[in-house]
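Only one chain is included here, represented as structure tokens and corresponding to the form predicted on its own.
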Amino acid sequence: MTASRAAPAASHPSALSRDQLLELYYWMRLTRSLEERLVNLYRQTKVVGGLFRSLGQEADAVGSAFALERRDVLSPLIRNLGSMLVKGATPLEILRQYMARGDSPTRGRELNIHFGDTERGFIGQISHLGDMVPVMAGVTLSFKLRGEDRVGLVYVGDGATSTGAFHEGINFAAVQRCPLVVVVENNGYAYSTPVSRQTAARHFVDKAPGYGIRGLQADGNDVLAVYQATKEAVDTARAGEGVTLVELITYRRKGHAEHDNQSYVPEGEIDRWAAENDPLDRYVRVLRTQLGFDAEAIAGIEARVGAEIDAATDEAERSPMPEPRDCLVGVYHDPPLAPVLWYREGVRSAVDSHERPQGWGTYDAR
């Protein structure tokens, strides 16, 4: 059994080029600016359903996803937008999805970032806390059984570690020595429940030895520390040495969703984290003072992000609303030919006679 330990202190990872160091800032800036745009749309009632922010947590999603290779797979949660962007999701897709447009990835049938693309390496999340751990245990077991050089990464919040699904999934993956990285985002609250009210453990990483797996802990607001810890865990999994639990210490500066006023948070706590531990501000200081990048390089990334989000917003605003019949896309292989009572009047006769009404065609997921 390997004891838990802290990850190395952040420094310039030798494996990252200067372009990649700037790219980390691009992904964090894109994540925050895209969510800020979604807030504006939400207040204009153009977002359907809830809006879930990752303000203050951008470094943990971006840094961890950046440690994966293209062939690897991750499973995000609602505050891991940055990880999906790193793996290839586009701002346009995210905007259309939140706005429930007809050309969104789920054709307006799901909310926020509940969609996946196995070709790009991200699997759509399940809202129930912890449930993606056993799913990703199964996915990574398939990698092992097929002899594929691939790794899986699954995100859970601190609250999810109190669920049976988390325990069963991580225990199964540990026993089977699956190539899996389990990232626990310790952001202080599970909705309104503080960490101290849901576990007696001093640190979540302390749970790792109980499963017989390695444990690492890193500063989740330091994108380089996150990258280094996750890269070590990914390398361990790829070498056939099984599961690693990575605890990232971060902070959720917005409520569970945009409607949550955070009345349960002690006065001044959010402001302290914003002033002292903002992941973007911290990384800009590193880029400028330690890595030698000038203000022009930073400004160039911010201008690029702004232009990309403006263009994506304009295109998403032009996107059509869903067609009613799109509710069946991807549900059945083809619309049923047998009588179905809930079809509108005037269609049943055609269904009963095994004739397709004009315009039905074949339903597929394209």
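Position 1 is the first residue in the sequence shown; the rest follow in order. Please read all numbers here as calculations on a predicted model, not as lab measurements.
From this point on, the text means the form predicted in complex with another copy of the chain, which you will not see here.
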**Prompt:** Taking heavy atoms and a 4.5 Å cut-off, does Thr289 contact another copy of the chain in the model of the complex?
**Reply:** no
**Prompt:** Within a 4.5 Å heavy atom cut-off, is Glu168 in contact with another copy of the chain in the model of the complex?
**Reply:** yes
**Prompt:** Taking the shortest heavy atom distance, is Ser162 within 4.5 Å of another copy of the chain in the model of the complex?
**Reply:** yes
**in the model of the complex, Phe293 touching another copy of the chain (heavy atom, 4.5 Å)** = no
**Prompt:** 275-283, 215-223, 228-236, 202-210: which one contacts another copy of the chain in the model of the complex at 4.5 Å, heavy atom to heavy atom?
**Reply:** 202-210
**Request:** Identify, from the list Leu77, Ile270, Ala174, Ala89, the residue with a heavy atom within 4.5 Å of another copy of the chain in the model of the complex.
**Result:** Ala174
